[in-house]
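Take a look at this one chain, the form predicted alone, written out in structure tokens.
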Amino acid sequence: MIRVCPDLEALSLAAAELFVAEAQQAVRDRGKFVVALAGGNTPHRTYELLARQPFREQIPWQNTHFFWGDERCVPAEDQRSNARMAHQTLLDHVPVPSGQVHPMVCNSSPQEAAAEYEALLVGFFAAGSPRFDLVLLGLGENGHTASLFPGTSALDEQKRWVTEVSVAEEGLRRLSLTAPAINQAALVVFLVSGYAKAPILRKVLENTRAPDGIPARMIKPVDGRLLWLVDRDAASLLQP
């Protein structure tokens, strides 16, 4: 399903409303809400809205657990850290118990850090599938999502839930949920904004051939829903 919003502010508002609705429903049904956050620029405003009224008072923070879809292997205080951004815009301003916030940490080697985060997920989900209630994702101009980049071995992963990723052009190592893990979610939501994303969005949504190395096209929930929240600029090249 694709929902086109007038601009980034409207997109962010729609994402915040959806977050609240999914949180409330999950807590009613299962007693907890489990979300994997996205990094990048697009979700920034959504997180700010969630930390403010009226959304702040509508979210069952005591029953909410935060994980991350990906992270750069940088110090926690580094401006490139996805966890740092989420704390500054959202988590530092709401009454979520600290023990329910689970950032990806790269204190050891990326391989060890990926294994540690996967072990955390296995324990949390009691050895079942990683059934997140909500996974938020962005879309890069090269088609990457989370830290699943074109041409990396992470795209071939079929069993692991978390993998290390080396992005040569950045000179950085990253951690990422794998496509099989993301595809177990009850709801996956892509947040896409801006003219710069229009060409790749069109390729992802309208190209009916095989994925052709576009990682975002690998996201197909097995027993869940997929929603694209995009603004008018990003959707400008889509067919009516």
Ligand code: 6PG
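Predicted model, so just to flag it, every value in this text is computed and none were measured. Note that residue numbering follows the sequence shown and begins at 1.
The same protein has a further form, the form predicted together with this ligand, not shown here; the description that follows concerns it.
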Would you confirm whether the three residues T46, R84 and Q88 all fall within 4.5 Å of this ligand in the predicted complex, going by non-hydrogen atoms? no
With this ligand left out of view, choose which of M104, L139, V162, A154 has a non-hydrogen atom within 4.5 angstroms of it in the predicted complex. L139
Interface membership of P215, this ligand in the predicted complex, 4.5 Å heavy atom rule: no
Might A146 be said to contact this ligand in the predicted complex, defining contact as any heavy atom within 4.5 Å? yes
Considering only heavy atoms, tell me if P60 and this ligand come within 4.5 Å of each other in the predicted complex. no
So in the predicted complex, does T42 come within 4.5 Å of this ligand, heavy atom to heavy atom? yes
Of the candidate stretches 107-115, 90-98, 146-154, 127-135, the one with residues having heavy atoms within 4.5 Å of this ligand in the predicted complex is 146-154
In the predicted complex: members of 59-77 within 4.5 Å of this ligand, any heavy atom: D70, R72
